[in-house]
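This document starts with one chain, in the form predicted on its own, laid out as structure tokens.
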Amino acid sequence: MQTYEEMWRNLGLNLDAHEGLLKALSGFYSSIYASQKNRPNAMKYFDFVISEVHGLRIKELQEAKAQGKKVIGTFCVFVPEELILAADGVCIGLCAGAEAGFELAEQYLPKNTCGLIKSFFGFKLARLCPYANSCDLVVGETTCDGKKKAYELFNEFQPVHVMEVPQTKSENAKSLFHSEVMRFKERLEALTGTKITAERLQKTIQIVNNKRRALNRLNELRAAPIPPISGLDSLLINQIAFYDDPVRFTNAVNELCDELEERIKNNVGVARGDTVRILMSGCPMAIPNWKIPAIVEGTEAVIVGEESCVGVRNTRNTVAEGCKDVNEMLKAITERYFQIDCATFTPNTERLNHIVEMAETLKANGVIHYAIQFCQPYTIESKRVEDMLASKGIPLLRLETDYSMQDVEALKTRIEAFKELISP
């Protein structure tokens, strides 16, 4: 990646620290992913994307900016990608999955702030994220108190637009969110100078829907008795979905699914049919947060699904197609995004029911509920998840951790014990 040094310098990165980050990421990735057996051939594309995580994709962003396009960074699945693309922008998920720049972040944030918030702040302050430094606008959202207050501070370093996400699923709340979708559209049009027309929006709705359909196809194939792909690889694909070119990414996922269908027909997989099957549930796992999945599958269990924002919560529903005008399309976008069952909502029976449904459909032997330390919405809601699953006879292990590696052995002990408990 030495050929990208001038580009990184122009983006204002700390070159020495950034080089250290890439070396650490490369080693971490190799130790976790290269050790897997019988991976699908189509995973080579996703390996290549990771190898160029701060290289080729960043170069593409700079080329887009040179053509007059605006780069929009996001942290949450409530931000409508369809609108960004329709305004001729590029939508990018930002760095928030590693313990980077925490000492700098804690000059602004309390130490007991969740790792995801400290991570996106730390990456920016430590000058380690070329994605953030490429952005013309960062879009935040009010899914938790920590985020909404942190965005006030983040705005001092980079322009931030905050979308108000309601806390209930009432009709009044839906009207509020619809007004936020409208306000976001107006902000994008002002930023890009591009009018979001019905023709443009219809096209981008199809692009994003096709990406969701490809990922849902992947999710469904994981229900096969012999798992055709590992949970680690599936998580990686869902993580890459947030920053790769959407059309290119969709084609790669469908090519992978074609291969997985053949593997299923031929009883080829990454594990035996009697392998313990785990459903992951809870907080998002932003790249490169692979700690828990690596431990789980290191015990020779297999993760068959992710009830997460970096999983089916991001892909479950599509926006209605065939609307006649922009106003109808904006209502359809509101309807689709309002179905997201984030823990920010109260009550949140939708999510509880979805977890049960996924566990049964994917034939999971048990569920691991993952929460980032100090994430109040998911840590508090985990008790209701546990009670709901208990009523259905589905075992649950609640884990609360951060991005450090200090608790790996303790986590491994608990996960191995859970695996033994639920082994068929």
Partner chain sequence: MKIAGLDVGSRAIKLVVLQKGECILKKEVATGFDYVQEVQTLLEEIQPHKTLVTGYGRHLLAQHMGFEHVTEIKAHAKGVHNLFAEVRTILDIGGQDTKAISLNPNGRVHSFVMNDRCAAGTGRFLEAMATSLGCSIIELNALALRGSNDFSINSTCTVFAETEVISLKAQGANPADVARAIFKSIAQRAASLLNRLSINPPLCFCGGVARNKALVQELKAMLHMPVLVPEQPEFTGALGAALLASMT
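What you see is a predicted model, and the numbers here were worked out from it, not measured in a lab. Numbering follows the first chain given and starts at 1.
Not pictured, yet referred to below: the form predicted in complex with its partner chain.
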property: Close approach of F418 to its partner chain in the predicted complex, 4.5 Å, heavy atom; result: yes
property: In the predicted complex, D16 touching its partner chain (heavy atom, 4.5 Å); result: no
property: 4.5 Å heavy atom contact, Q376 and its partner chain in the predicted complex; result: no
property: In the predicted complex, M43 touching its partner chain (heavy atom, 4.5 Å); result: no
property: In the predicted complex, the residue from I372, L397, L362, L389 that sits within 4.5 Å of its partner chain by heavy atoms; result: L397
property: Residues of stretch 405 to 424 in contact with its partner chain in the predicted complex (4.5 Å, non-hydrogen atom); result: Q406, D407, E409, A410, K412, T413, R414, E416, A417, F418, E420, L421
